[in-house]
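To begin, one chain is listed below as structure tokens, in the form predicted alone.
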């Protein structure tokens, strides 16, 4: 497998050797490295990535799941080109930020007001700060396997074993007010929160780094009821699931409302973005006309509501607004999860298919997968091996990470995934 990859990617190999001299580990984000070295993309269009050696890949990673319309969708590109002529960055208020905020309000339950950021990490950081300000409480809670970006207070319990710090440089002071909860286990969560005053509970409706495990509907409903009972703000981190599970995100998909919702990825239409939104009474704690220091909560950033991003995001959401494309992708996602599982099982390989809507992954285990413990208890080496085999044969998944669909994936793309999976399963 490595020999085939090595023979096809000689220019990428040379670039990686060069990159190691100027980039730590040779990459700009640690997860983008995989053995023996990452290929280097040269261009992308639709459902395809093309590397510097001229190899074509069917792309199921899609820019960290951000590109639901595929690479370089014509409608978005056209709108961005027009905006480029009017300016790339203002540093002032402009109409586009109002238009995108109104579009979010139109599509997303409880999104009465919105503020924009430049990344999901920033949005989660500001949402957490806002929850603390609104409730006048310090402690927060998150779930095992949940990934909410690099913000110190949320950067715990992502990978198993969950008691090991996720990074050097995290201080006890930064993480001491964060309580880790078991995913899809309402009674377990309540037990860990007993007699504690909590500002917020943040949850990914479908675990991203935690293996693509979806929250169970009754679990989310119970969590909502618990938060109402205890005066806790429920935060949905929809950086991955926003505008993918449904046009109104996980709140619509599960019929469970959040107090604050965090967005990223798809919202930017292929450009850097983050956002957090919620009920007016909560979001108004950001309003310095109403609250003076220290009673308001700060939010800002040089490139917040950048006009290029606002343009691309608005064009994207208008395409997704009626939900038809999303529903079509959701049905295809279910087909993929079912057929991948059947291919492996027909060849005597124990797997569980995880994911929801147009998100999908495979876990090499016979055990039911309901949380990140089960994901990390599965055969991770085999999952890496499977994904590397796919990469060597022109199908791109970032190893161990959840795959996703775009509106540009064709029947031929999906059949290629099934065919290459069949070849792998027969050999393993």
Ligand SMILES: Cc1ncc(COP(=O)(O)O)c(C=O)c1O
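Numbering follows the first chain given and starts at 1. Just so you know, these numbers come straight off a predicted model, no measurement behind them.
The discussion below concerns the form predicted together with the named molecule, not included here.
J.: Between 178, 110, 83, 119, only one gets a heavy atom within 4.5 angstroms of the named molecule in the predicted complex; which residue is that?
T.: Looking at the other structure, the residue within range turns out to be 119.
J.: Just one of 254, 147, 183, 126 has a heavy atom within 4.5 angstroms of the named molecule in the predicted complex, so which one?
T.: The option sitting close enough to the partner is 147.
J.: Please determine whether residue 204 contacts the named molecule in the predicted complex, using a 4.5 Å cut-off between heavy atoms.
T.: Within the cut-off, so yes.
J.: Is residue 240 close enough to touch the named molecule in the predicted complex, meaning at least one heavy atom pair within 4.5 Å?
T.: Output for residue 240 is yes: heavy atoms within 4.5 Å of the named molecule.
J.: Would residue 115 count as a contact of the named molecule in the predicted complex, using a 4.5 angstroms cut-off between non-hydrogen atoms?
T.: Residue 115 lies outside the contact set for the named molecule.
J.: Which of these stretches, 211 to 219, 232 to 240, 170 to 178, 246 to 254, has heavy atoms within 4.5 Å of the named molecule in the predicted complex?
T.: Correct option: 232 to 240.
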